[in-house]
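What follows is a single chain, given as structure tokens, in the form predicted on its own.
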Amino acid sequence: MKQKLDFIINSNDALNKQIFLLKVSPKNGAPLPDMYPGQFVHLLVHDSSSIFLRRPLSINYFDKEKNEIWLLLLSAGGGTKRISEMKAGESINLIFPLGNSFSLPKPRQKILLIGGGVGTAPLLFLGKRLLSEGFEPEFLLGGRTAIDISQLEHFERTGKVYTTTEDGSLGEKGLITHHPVLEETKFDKIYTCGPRPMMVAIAKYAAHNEIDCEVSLENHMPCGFGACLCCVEKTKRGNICVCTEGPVFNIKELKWID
């Protein structure tokens, strides 16, 4: 069940000039409900006379022992810039947890999680959940340069990691969709999140190779409850709101392959 709650920022660390990691806990100390990889929060931008709409952020990780949520943030506009400037001890308001989650693979399936840029955010939580369930997740992470690949050490502690950068500063040089592992290894299931062109390319690759594939969409979600219709996605069962029926979809539901 979703809640609306004030949180305290425990830390706000700059991972590079644009990407920030916020760790937050409930202000009233209440224990957090169960949350699942793929779900997101809707964050209110405080103290702004011009920004009224909340910002959706994937749950990067849920630390149940510390009663803490991690949020990976790209500072790209007025709202996210304001959030990136907030300090430890300040409070924020979240509506959470929202959306559906990734499904678990079948036993003994070989799994690959593919993330581009800050699209890696929900994949850390997913990877740790899969590891706790006895799976051996592998990751394919990409960015323009090495500094665009965030939390690499956390991913390396969770599973085998392949990397690709457009300038060759880390891992293979080129696009994430051209990494040799996609041709050299047979995977049974792929999960992906990142720029839409990347996800479409991965979806087509998965469909061509008959690999089950789930994507986490990053459509613009101003309201978070299906009223504004800004996040509408065309699917095989009609137009749907990503914020209420997603953000996770099996590629068989989407019209990307047709």
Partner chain sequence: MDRLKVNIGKLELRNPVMTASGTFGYGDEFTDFIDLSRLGGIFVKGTTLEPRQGNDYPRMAETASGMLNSVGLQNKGVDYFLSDIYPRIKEYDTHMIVNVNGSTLEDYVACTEALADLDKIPAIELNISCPNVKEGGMIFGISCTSAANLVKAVRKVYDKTLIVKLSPNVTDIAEIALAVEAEGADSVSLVNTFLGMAIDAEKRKPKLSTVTGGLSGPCIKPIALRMVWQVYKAVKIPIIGMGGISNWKDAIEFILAGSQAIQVGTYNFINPTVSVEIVDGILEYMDRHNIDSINDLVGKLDY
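Everything numeric here is computed off the predicted structure, so don't read it as measured data. Residue numbers count along the first chain shown, from 1.
Not pictured, yet referred to below: the form predicted together with the partner chain.
The chain is drawn here without the partner chain; in the model of the complex, the stretch among 186-194, 208-216, 224-232, 61-69 whose residues come within 4.5 Å of it by any heavy atom is 224-232.
Shown alone here, I95 lies within 4.5 Å of the partner chain in the model of the complex, counting heavy atoms only. Shown alone here, V200 lies farther than 4.5 Å from the partner chain in the model of the complex, counting heavy atoms only.
In the model of the complex, at least one heavy atom of K2 sits within 4.5 Å of a heavy atom of the partner chain. Here the marked residues G134, I251 and I257 all miss the partner chain in the model of the complex; none has a heavy atom within 4.5 angstroms.
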